[in-house]
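Just one chain follows, in the form predicted on its own, and it is written as structure tokens.
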Amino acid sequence: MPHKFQTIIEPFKIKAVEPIHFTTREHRAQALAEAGYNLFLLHADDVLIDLLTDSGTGAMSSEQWAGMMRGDESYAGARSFYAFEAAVQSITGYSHVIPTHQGRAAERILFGVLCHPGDVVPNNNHFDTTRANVEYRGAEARDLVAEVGRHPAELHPFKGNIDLEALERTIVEVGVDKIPLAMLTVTNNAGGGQPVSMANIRAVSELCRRHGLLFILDACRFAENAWFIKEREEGYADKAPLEIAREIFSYADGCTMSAKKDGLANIGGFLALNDPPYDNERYRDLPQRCRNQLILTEGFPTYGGLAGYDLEAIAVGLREVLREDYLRYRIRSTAYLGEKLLAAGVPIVQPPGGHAIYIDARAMLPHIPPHQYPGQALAAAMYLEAGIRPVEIGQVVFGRPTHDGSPETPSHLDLVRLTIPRRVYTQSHIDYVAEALAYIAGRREQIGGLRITWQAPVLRHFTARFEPAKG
């Protein structure tokens, strides 16, 4: 792209379009009440701009659709698996590639094999299904994000970094025998989509090697993290995203991956591992034990719960996601929304992340206490006023229900995530979102809190129901 032009255009042309449904405020009010003020429970046809998630919601390319037509649906040994395996190995360098239907299946398999009651799994920040899969095994998911990552308005290039001193302290206090693995989420979704520096990844690797601990990446957004390293970390400006990604993976022993994010696919994921370099019983035959679990719950090792055409789509997507023109557009378009919101006085996590903008709902709605879920209240207001569906990442997702009727212990942050699907919306859609938030910000005092009327014991945010706290 010529450097004299500042506008970064979409690096694609639109070949097919999908109509969206315009609704009235009255219709949305009724839909919201019927859904129990939980935006997960809305009918998608009643949503104008869907920013709930970037997981599997992107638009696939013509090359991905062409790859799907080549899909080999053989039960065992399909050529589509080998194309998929080659694509994963060319980026990660890991010997064992285990396909799964999505990322949480990879988590369930890995933690199911490694974790036991009383164990501790450190991470910068565990996201929802990662935490749930650790805790389901009776282990503790311990968040050790660097202190700067706990302050939404503070500017820092790598707010997703793990606190290395806290990690070392945890290993010493808990003991290596009670830590089955250390994780690092790149980018750090729960902390505002913030990247992790290569220096931090390298340091975690060295620490784990010194203590004989397995080091695993949650790599859902590895390409976006690679781009931030290229843009912000000394010594990487002239390196290609693929080269940076390969270095990221080289420091770890494996990764879990939802290919619904930086695989640019609508479904799929994988667990990729090297043979652990440590000779102890916990890690012995780890890849094979994981494959055994895959066969039990997902499928044969060469399809793992996916159709052959899904494997082909992921193989193409993993190549496309590392193209510089795509990543430049992706990161800049997200930052554009952040800049518009800041100009409108909407408090966000700074600097903008790669896949989403996170509104600091607690700062925007200080009159709503954490136990009345300010993030959920703001998300509901966005749908009511503008037909936009974001997602709460705060007290509802990470809060701990009490059993005596007392208010919940506040989560560290109450955020609302505006998650940008890949290659779906144009600048006019994003301008509409910014305009809607400016309108809501001007009437923020009119937004009231919510209370939960029903919740599931695990991952409650997907199905919980709410009502206005004051009727």
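Everything numeric here is computed off the predicted structure, so don't read it as measured data. From 1 onward, residues are counted along the sequence shown.
Another form exists, predicted together with a small molecule; not displayed. Remarks below refer to it.
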Each of 55, 103 and 258 having a non-hydrogen atom within 4.5 Å of the small molecule in the predicted bound form: is that the case here? yes
So which of 306, 378, 220, 314 reaches within 4.5 angstroms of the small molecule in the predicted bound form, heavy atom to heavy atom? 220
Though the small molecule is not shown, can you say which of 224, 392, 107, 310 has a heavy atom within 4.5 Å of it in the predicted bound form? 107
Choose one stretch from 370 to 378, 155 to 163, 183 to 191, 112 to 120: the one whose residues place a heavy atom within 4.5 angstroms of the small molecule in the predicted bound form. 183 to 191
Do residue 80 and the small molecule come within 4.5 Å of each other in the predicted bound form, heavy atoms counted? no
Hey, in the predicted bound form, does residue 127 get a heavy atom within 4.5 angstroms of the small molecule? yes
